[in-house]
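Below you'll find only one chain, the form predicted on its own, shown as structure tokens.
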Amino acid sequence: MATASTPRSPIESGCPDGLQYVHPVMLKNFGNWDYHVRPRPGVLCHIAKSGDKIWTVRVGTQRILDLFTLRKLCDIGDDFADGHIHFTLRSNLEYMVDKEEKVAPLIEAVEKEGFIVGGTGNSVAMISHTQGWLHCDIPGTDASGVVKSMMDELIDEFKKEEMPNRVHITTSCCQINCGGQGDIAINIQHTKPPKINHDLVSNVCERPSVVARCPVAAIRPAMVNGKASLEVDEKKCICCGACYPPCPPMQINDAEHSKLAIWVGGNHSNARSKPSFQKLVAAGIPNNPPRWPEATAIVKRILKVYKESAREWERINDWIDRIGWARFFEMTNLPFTKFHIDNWRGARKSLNASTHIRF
């Protein structure tokens, strides 16, 4: 095992050696932790088999951090948290300290700078999301802005542990790349086939790759105005946007026809029930920056009903399985339309229905 004094030699691939930055108490008890408790929302205490303890304070951030904010967070870590910090997958910052008396001053310093402590236990976790326009090359919306707007409205549910179970929310700025299965997911929804700039296709796109990329075989080669191009069978097209990354002239983003859709019930865990795919519950929601009020209102409505009617420890998918989809739409006052009926037969019935992947 590499230590801080003898880091492994750098290599040209792979991530840096993270162990050199790990808190000494964590390094000492690596692989020998016994259990953990939550003294208060946003704080975890892990106890090792040796009796050593370490406290973790989880801090929510706005995900896209500027240099000055990062420096401020690092200064807090240097002054109050033994100089050790850690970022989670959901862009929370975690400070680790080895004494309980360090926790309160750390939280006070964090909150004084305008940050929040929470995200543990039965709370609404910080929303995980894709990069959006800031970094990604194929987005249909700005996922970062949607997250900021929604977390401004859901901040109390992040700071408290009052939900029936943990709630994971995800966003995706396109339909084919990032995102994932979430208790609630907010995804872009293209509603029109791509518009093709035939003058650019032959210069920019490798046509066989674009044809192969389409999951429903809706794209085929064509000659347009004497130039090699592509055409789309709009009766087959499902408006997924898979053709846009290998061929930008097939522009599918549209200010009017690219909407948002909300899905619920996705779950990777098999702690109490099998993993489940998320299901569409609201479609055609206006992609309305900068605050996305329509999408935020629907998410808040779903969370309110879930919080009031779910049993203890029920995830959203378990709650819906118990009450039924008809009752879910009735309680949330969401319209049920023909677009909610799953009549697509392109996937196997049991596709990834459990943690044992089968084909």
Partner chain sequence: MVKKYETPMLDQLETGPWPSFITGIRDLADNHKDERIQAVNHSLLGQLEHSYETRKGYWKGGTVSVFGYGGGIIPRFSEVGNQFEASREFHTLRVQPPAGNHYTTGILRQLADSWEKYGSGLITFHGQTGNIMFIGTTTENTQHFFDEVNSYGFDLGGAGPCVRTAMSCVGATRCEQSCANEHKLHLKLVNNFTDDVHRPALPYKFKFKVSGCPNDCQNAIERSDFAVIGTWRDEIKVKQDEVKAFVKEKGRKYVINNVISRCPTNCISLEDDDTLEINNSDCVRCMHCLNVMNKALSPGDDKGVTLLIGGKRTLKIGDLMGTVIVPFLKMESDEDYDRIVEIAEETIDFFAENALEHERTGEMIERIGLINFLEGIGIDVDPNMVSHPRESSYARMDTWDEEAEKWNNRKSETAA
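As the structure is a prediction and not an experimental result, all values here were calculated from the model. Numbering follows the first chain given and starts at 1.
We do not show the form predicted in complex with the partner chain, though everything after this point is about it.
The closest non-hydrogen atom of D321 lies beyond 4.5 Å of the partner chain in the model of the complex. In the model of the complex, the partner chain sits within 4.5 Å of a heavy atom of A242.
Contact annotation: I64 falls within 4.5 Å of the partner chain in the model of the complex, judged by heavy atom distances. Remark: T56 counts among the residues lining the partner chain in the model of the complex, judged by a heavy atom distance of 4.5 Å or less. This chain lacks the partner; the member of G284, P105, P289, P221 within 4.5 angstroms of the partner chain in the model of the complex by a non-hydrogen atom is P289.
The partner is absent here, but in the model of the complex a heavy atom of H46, alone among H46, R301, K307, R40, sits within 4.5 Å of the partner chain. In the model of the complex, the residues of 116 to 130 lying within 4.5 Å of the partner chain by at least one heavy atom are, in order, I116, M126, S128, H129, T130.
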